[in-house]
Ligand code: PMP
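First, one chain by itself in structure tokens, the form predicted alone.
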Amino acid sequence: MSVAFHGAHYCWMNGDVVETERAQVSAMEPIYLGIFEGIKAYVGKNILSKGKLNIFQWKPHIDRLWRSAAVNGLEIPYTKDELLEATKKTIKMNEFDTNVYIQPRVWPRAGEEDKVHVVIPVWKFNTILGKGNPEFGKIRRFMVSSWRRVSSDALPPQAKSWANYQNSSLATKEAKRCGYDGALFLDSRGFVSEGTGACLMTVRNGKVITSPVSASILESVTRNTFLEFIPEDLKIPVEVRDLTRVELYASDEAFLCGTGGEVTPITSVDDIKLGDEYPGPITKKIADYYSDLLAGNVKKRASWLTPV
């Protein structure tokens, strides 16, 4: 049996399921020029899918992978359906029966820039969602980073490229040095952008506010999902507009949303406490509904789930 990495004995690489420890490439590979995608599969909780894994929002995620490839001048030599079948096969080979993180990766081959490596590692993860989950309500002190979010005239922040995450790494390290749990970016204009690995949503006077794509944010699948279900299903008004730093400080609630962090409440920004209740009531309402969506408990949104 191969050595398991993050609980995964197998991954998919360039057309085949292989042992994870044998999925090796040369140290000369330009991995830093690559792109990737972050996708999750959750265990179903309803009668029809109880105990079965469902990939959440596969199509928009894989569509974004193709857009990222186009922006970065990469051509993926497989179809989207082929990568879906590869993902399902890899999950089954690992015999996973709990929540699974899926991260397709694409980068140009060394010395063959017109060809790419395509790898799909998968691993198990623990969600912070679910009523009574102590991880959800942890105190999280954030700061506004001195580093600005990379501008779209320098790098493509709307694409999910490895190079963009050096920007995030610098801000994360700064936050840790300063004793904070995380960092938020301003864009090159001085408006609020996003977090280091997720989009930001704030709440003021019962309304959810989030920055536009033009504020150098990633074209987030999770954010787009929230922008659809929050006003339609929860009847909570939403505004997409530029947000000033002052407005951020004056927010009643704030949370990050993304595949990795799901719904991550923020307690304070630059030691300014947000609102009187933490996590805030609207943040909790959104998180509970999102948890139901992921578990397959919302019939009208069943199309967002792809069975493994």
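Bear in mind that the values here come from a model prediction, so they are computed numbers and not experimental data. We number the residues from 1 along the sequence you see.
One more form of this protein should be noted, the form predicted in complex with the ligand, which is absent from this view; the next part is about it.
Contact with the ligand in the predicted complex, judged by any heavy atom within 4.5 Å, is made by just one of Ile102, Ala215, Ala171, Val221: Val221. Out of the listed residues Gly197, Pro108, Pro156, Gly182, Gly197 is the one that sits within 4.5 Å of the ligand in the predicted complex by at least one heavy atom. The putative spot formed by Arg149, Lys160 and Cys257 is fully lined by the ligand in the predicted complex; each residue has a non-hydrogen atom within 4.5 angstroms of it. Considering the ligand in the predicted complex, the lone stretch of 272 to 280, 56 to 64, 247 to 255, 27 to 35 in range is 56 to 64 [heavy atom distance within 4.5 Å].
Not displayed here, the ligand is approached by Tyr165 to within 4.5 Å at the level of heavy atoms in the predicted complex.
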